[in-house]
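Take a look at this one chain, the form predicted on its own, written out in structure tokens.
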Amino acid sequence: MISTAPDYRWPEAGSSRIPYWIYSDPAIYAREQERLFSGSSWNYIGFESEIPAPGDFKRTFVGERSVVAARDRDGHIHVFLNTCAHRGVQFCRHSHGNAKSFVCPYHQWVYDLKGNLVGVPFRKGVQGQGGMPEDFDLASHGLVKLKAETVNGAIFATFDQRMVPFRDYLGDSMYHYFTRVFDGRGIRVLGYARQIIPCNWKLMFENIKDPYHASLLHVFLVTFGLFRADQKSDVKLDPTGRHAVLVSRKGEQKATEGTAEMRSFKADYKLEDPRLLDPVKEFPDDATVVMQTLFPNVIVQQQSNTLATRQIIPRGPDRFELVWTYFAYTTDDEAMVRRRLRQANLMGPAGLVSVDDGEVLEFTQDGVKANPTMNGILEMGGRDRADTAHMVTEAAIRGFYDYYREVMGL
């Protein structure tokens, strides 16, 4: 059998076509790590409230690179690479904790909470023998530090020290939706869920930018009118196309002209416990679902009253880890917290809605990996990326790939 390498030329039709080799090729994946995650982008790290006290730390990832966010003695947050400057050891092996300093287990180099190198065993030698050269400078061998910014309790970081402020990176429209949820109220983490999905990480972003599938795949969304194409909705992008938001308002469980082609609509389905879907208004606008995708690694989710971030961590060309962090506000009463947790049953690895996505994304990876020379078609709603006052469109995915191609040089 003669193998044929994919032709790395994007189809002439532009971002209304998606070549399948981008989902499985190792060279493309390596370029993404360098240019997207380690390039000029703000990556989601977590919440300030996850590391509230001096010495608290959290280990997470930017792309495949392990990083640590730590709060120093003055209360400032620092983010640095979890890689010892000496021999490259990932010195932090715990997801959360509290420490006075970080000590590499291999040769016990010591770093403070800002990522500065403060100790090297045998630096002056032993019994007058050996040791580091006289001009060895601790200050020159600290950990690789990321530029960090905290916005209303959410932490973002970038390897690009010249990166523009987070607000400029989002643009006015996307910043409005981000601060709609992160409005300055304290954040209380309610819990985490993690899952490995056997597909390329971009398919997850596409899924959340894709309202087309939501009205067809998800029985729960369609039947109970949570997110459906015949409801009042919007799809908006930032000027670059890299970020987007899908906005919808809850409808009713009844057949309409719009549900005629929705095979997942089940008019006779009833909930044993209607409290699962009893949203209460809490934001100034009338949106009941807002799904925001922030390039390159996070989804901010408001589905009724359940709130969460979904962090994307690539684990190779054909698998990624999805980390869900469910949260409430510190001002919530216990009834609201219970409501948020009850509605969270729609989301997560076994969620009544999200479980459909995990399965169909795996099916997609199976198809595209086996056929790298074929192209996907993205023409629902046209071929551009203009904002729309409806959700019968794939504009947000086209916008994502406009920006992706620019950064990747494709």
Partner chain sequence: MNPGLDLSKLTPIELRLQVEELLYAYADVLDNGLLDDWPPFFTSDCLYQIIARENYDRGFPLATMLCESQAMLRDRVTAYRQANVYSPRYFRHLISTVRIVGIESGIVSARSNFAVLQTLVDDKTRVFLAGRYEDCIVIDEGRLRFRQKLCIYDTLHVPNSIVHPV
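All values derive from a computational prediction rather than experimental measurement. Positions refer to the first chain, counted from 1.
The discussion below concerns the form predicted together with its partner chain, not included here.
Participant: Based on heavy atom distances of at most 4.5 Å to its partner chain in the model of the complex, which listed stretch, 341-349, 373-381, 39-47, 23-31, is the contact stretch?
Facilitator: Contact criterion met by 341-349 only.
Participant: Verify the contact flag for R87: yes if a non-hydrogen atom of it lies within 4.5 Å of a non-hydrogen atom of its partner chain in the model of the complex, no if not.
Facilitator: Outside the cut-off, so no.
Participant: Does at least one non-hydrogen atom of L271 fall within 4.5 angstroms of its partner chain in the model of the complex?
Facilitator: Taking the distances in the model of the complex, the answer for L271 is yes, it comes within 4.5 Å of its partner chain.
Participant: Determine whether any heavy atom of R194 comes within 4.5 Å of a heavy atom of its partner chain in the model of the complex, and answer yes or no.
Facilitator: Result yes; R194 sits at the interface with its partner chain in the model of the complex.
Participant: Answer yes if any heavy atom of G358 is within 4.5 Å of a heavy atom of its partner chain in the model of the complex; otherwise answer no.
Facilitator: Yes.
Participant: What is the one choice in H107, R275, K281, K124 with a heavy atom within 4.5 Å of its partner chain in the model of the complex?
Facilitator: Contact with its partner chain in the model of the complex is made by R275 alone.
Participant: Considering F102, Y326, Y177, Y169, which brings a non-hydrogen atom within 4.5 Å of its partner chain in the model of the complex?
Facilitator: Result of the distance check: Y326.
Participant: Hey, with its partner chain in the model of the complex, do G153, F182 and V290 all fall inside the 4.5 Å heavy atom range?
Facilitator: Result no, not one residue of the spot touches its partner chain.
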